[in-house]
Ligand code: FUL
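Okay, here we've got a single chain as structure tokens, the form predicted alone, with questions on binding and movement later.
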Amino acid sequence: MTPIVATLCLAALFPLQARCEREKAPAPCLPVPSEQQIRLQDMEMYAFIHYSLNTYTDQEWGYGDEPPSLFNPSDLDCRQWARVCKSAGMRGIILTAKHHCGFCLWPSAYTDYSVRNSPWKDGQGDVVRELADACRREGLKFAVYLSPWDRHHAQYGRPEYVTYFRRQLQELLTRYGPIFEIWFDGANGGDGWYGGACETRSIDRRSYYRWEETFPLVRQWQPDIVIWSDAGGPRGDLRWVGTEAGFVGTENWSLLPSEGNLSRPLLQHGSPEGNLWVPGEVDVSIRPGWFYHVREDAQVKSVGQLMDIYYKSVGRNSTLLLNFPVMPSGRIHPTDSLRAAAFGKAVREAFRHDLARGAHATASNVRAGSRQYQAGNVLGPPRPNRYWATDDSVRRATLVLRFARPTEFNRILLEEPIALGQRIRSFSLEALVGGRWVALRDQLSSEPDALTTVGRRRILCFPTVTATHVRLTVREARACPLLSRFSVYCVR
């Protein structure tokens, strides 16, 4: 090769090399979720089942002295529970295997205070087993709640109880197949029966249970599990959002700092400066209480209330944990069952027809001008490694959808590819109505024109508009913005 030809070849190579550098996938914006956390957030909605001796004593918190003989359902049907939850759109169920009273819904080898000493099935029953099997039959995932606090156990508050607690935890996590989540309640210490002592016992939530040793055991027994814990100790994989009313903050980061106390603002909003991925989980009951009470039969949440909760939980980068109490008979009440089915249908109908599927997408910047990161990647259901991305130096950008004809809509759904981190700090939405750009404000939010976070999923609700274009403007981001979904709906 002559020197002149070699020089020309190198000159041609340098622009290609520069472009290849620019076309590299965006670097993760730390922190990022684990595979287990991504799977959990993809579930979106799952159910709580509250059932124990409290069901038979008309209490929310049992004292610990209630006799096991009270537990004698006439028609316990875990398959019915699973079908009710499935009809509501739930993708898994978490069972309160042991609540604060200490009564166990499985025949634990370490206590007599369980279904083994109840008249139900002559002491041969196992509610945990029956629900785990029912979930598998209905295609649902299964999980358990194990209260760290035990108002029945004589050794609670002493080192011996921690050994007992771990042994029961091992039973639950090694006998019933895959467990997608373990729930450790934050209610710890107080008055109780405690083997007949009938006294108040206090513990240090941060040190008593030795969570630093317990969490590794949990992951050893169930490698794919996520840990929800409000019981002190290290951060779990999920966080409480500071309320049981069914909502999380409109600004909601899946990030938390690893150190320091969790204030209500941190629980509600997370922190863009956090160094751990700890997304919110919104827990709320379909009734005022968590356990069944006859007096609440007329207080089951309406479909409208449940949809509002959906928008303010799943629609704000959180998961929804919706509770269904079980009646003394062993079944979920018909009103709750019908409401669950109607709620599930309402969610499906609201998001059945994505009006953006036929739109044309353009962006102010596309990473290296590459088709791999083109604006059209936001149309349709999200797929792995398919998203719109900008160049690394770009933090402010616009994405416009153009409809083939004037289109009515009142919902917009956005998603970031969270495997690469949560990035968008602030954005705005506008619709081109009659040749004029009009700001779209989320009617369920008090945010001004500039909206905040997106994350796993953000849904915005607003009065119906008829427009030819809709424009998203990312105003600020932690790193180059990425978007995997931009969907548009009209809910009647």
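Everything numeric here is computed off the predicted structure, so don't read it as measured data. Just count from 1 along the sequence shown to find any residue number.
This protein has a second form, the form predicted in complex with beta-L-fucopyranose (FUL), left out of what is shown; the following refers to that one.
Q: Picking from 382 to 390, 80 to 88, 94 to 102, 414 to 422, which part of the chain touches beta-L-fucopyranose (FUL) in the model of the complex when contact means heavy atoms within 4.5 Å?
A: Stretch with heavy atoms near the partner: 94 to 102.
Q: Let me know the one among Asp354, Asp297, Asp185, Glu251 whose heavy atoms come within 4.5 Å of beta-L-fucopyranose (FUL) in the model of the complex, would you?
A: Result of the distance check: Asp185.
Q: Quick check on this chain: which one of Glu171, Asp126, Asp283, Asp237 has a heavy atom within 4.5 Å of beta-L-fucopyranose (FUL) in the model of the complex?
A: Contact check passes for Asp283.
Q: Determine whether any heavy atom of Phe48 comes within 4.5 Å of a heavy atom of beta-L-fucopyranose (FUL) in the model of the complex, and answer yes or no.
A: Yes, contact at 4.5 Å.
Q: So, in the model of the complex, is Glu212 in contact with beta-L-fucopyranose (FUL) at a 4.5 angstroms heavy atom limit?
A: Glu212: no contact with beta-L-fucopyranose (FUL) in the model of the complex.
Q: Is there a heavy atom of Tyr161 lying 4.5 Å or less from a heavy atom of beta-L-fucopyranose (FUL) in the model of the complex?
A: Tyr161: no, not in contact with beta-L-fucopyranose (FUL) in the model of the complex.
Q: My question is simply whether Tyr63 lines the interface with beta-L-fucopyranose (FUL) in the model of the complex - judged by any non-hydrogen atom within 4.5 Å.
A: Although beta-L-fucopyranose (FUL) is absent here, Tyr63 would stay clear of it in the model of the complex, with no heavy atoms inside 4.5 Å.
Q: Considering only 212 to 249, what residues come within 4.5 Å of beta-L-fucopyranose (FUL) in the model of the complex, judged by heavy atoms?
A: The stretch touches the partner through Glu244 alone.
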